[in-house]
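To begin, one chain is listed below as structure tokens, in the form predicted alone.
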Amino acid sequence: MATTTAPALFGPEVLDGKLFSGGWVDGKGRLATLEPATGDTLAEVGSADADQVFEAVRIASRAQPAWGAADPYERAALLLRAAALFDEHRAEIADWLVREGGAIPPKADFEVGVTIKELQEAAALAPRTRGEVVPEPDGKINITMRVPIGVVGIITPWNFPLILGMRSLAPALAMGNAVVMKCDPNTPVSGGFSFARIFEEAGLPDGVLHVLPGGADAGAALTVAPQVGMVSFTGSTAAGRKVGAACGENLKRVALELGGKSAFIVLEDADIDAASSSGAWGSFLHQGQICMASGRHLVHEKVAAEYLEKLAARAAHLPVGNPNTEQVALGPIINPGQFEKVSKIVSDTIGQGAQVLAGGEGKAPFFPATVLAEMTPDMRGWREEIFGPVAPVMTFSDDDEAIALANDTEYGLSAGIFTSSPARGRQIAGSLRTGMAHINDQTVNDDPRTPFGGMGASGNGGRFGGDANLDEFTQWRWITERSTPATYPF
């Protein structure tokens, strides 16, 4: 790993069978975190079972009232200290993202940078949890205010573990909530212990944050623990349906950020060189392991040949390998199961008649940037989320057909539209059933200041970012006050 001038965050006292819950304690089990590029074991951390999650929730519920009552400017100051510490430890954390998550170094550094912005944005929100007073003619006063939910459960993924964890963690803490985080077993250090150690150093009071690596049973415990008022889940649509159902049954608020099959639309008046660059980035960044990835390229028939030629040339020149030891554009697929899934979807799609213009077959754990042409709507590679570096391409003849094809999916996360006419792009964007759309840009965009989220099988709305966090991580309380006691006919 690269060296850093700051003291190491992760010593043996953290990485040897531990998890963070009321301090560093032994997990009920042990979890090996592996380097996907080599299969080597990087560390063995603690793993929580359901009982350990329930205990963490109880501790958090006792710690939350004092944290919720703290001066919001003190909460903001702590979040800003955490942001500075992430910057101070940037090199060490980025190295873990490379080795544990398979990221190329620029992606890792970018992720740390956006994580810092998430903290800064949340700090700005902390003092803004205001309410209002509504007087009535009889002297009654209605007081409404935003108050913390209490304990927020967060279940995080492995692909962008810092950003997608901090997107919920920072505003939840800013609004005065305690947090129990179940981090993904693929990235427990970069996507879990990074948060624990940074907030520990920043001075977060004991018991306010718990970080528990674990499996599905640990995540399920958050959905049933009675002290948890909200669960924020980021992950697959299949798992999200289960989380949503469990939260509904237990009357918990739930925020779901799920999968996608985002359309990247290239009109006949587009700059094709720029479009092919954006299309390659949207499909191949981080090996395509992104919910917002450009999963369906819709290209006008008049420019399809040129676009395919340029996209395939870009794909063919992207080196694949171990990002910790080589200068590559694509690293490994996260684990053997995901590699097999990507390989099977691509091979089935080729068997259904798709034409391979680049890539098409990998050697575990690496899969090359792949371009598939001659796609039809019934092919697996067109219908299913691949979560691999694959760009399926289909043509269309006019705007109405492009809109119909883009909307022909259960997902509704993001979209990209390339055109020389922004007005035309806005018109198409307005007809798409997606939570986000980007004109003259690709589908993978993120900004801590703006609401983020999808529709349909991609989630239950734009829940994270900017002022949306004020509503998402608080609840309204109504208090009335009378100067003289009320009397009634009874």
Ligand code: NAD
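Predicted model, so just to flag it, every value in this text is computed and none were measured. Start at 1 and count along the sequence shown; that's the residue number.
The discussion below concerns the form predicted in complex with the ligand, not included here.
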Want to guess which of 364-372, 128-136, 173-181, 235-243 is within 4.5 Å of the ligand in the predicted complex, heavy atoms only? 235-243
Residue 67, heavy atom within 4.5 angstroms of the ligand in the predicted complex: no
So in the predicted complex, does residue 118 come within 4.5 Å of the ligand, heavy atom to heavy atom? no
Taking the ligand as it sits in the predicted complex, is residue 452 in contact with it (heavy atom to heavy atom, 4.5 Å or less)? yes
Since only the chain is shown here, I'm wondering whether residue 339 would be in contact with the ligand in the predicted complex (any heavy atom pair within 4.5 Å). no
Looking at 158, 396, 86, 382 here, can you tell me which has any non-hydrogen atom within 4.5 angstroms of the ligand in the predicted complex? 158
Using heavy atoms only and a 4.5 Å cut-off, determine which of 108, 258, 330, 189 is in contact with the ligand in the predicted complex. 258
4.5 Å heavy atom contact with the ligand in the predicted complex for all of 164, 185 and 413: yes
Output the sequence-ordered list of residues from 211-235 with at least one heavy atom within 4.5 Å of the ligand in the predicted complex. 214, 215, 216, 219, 220, 233, 234, 235
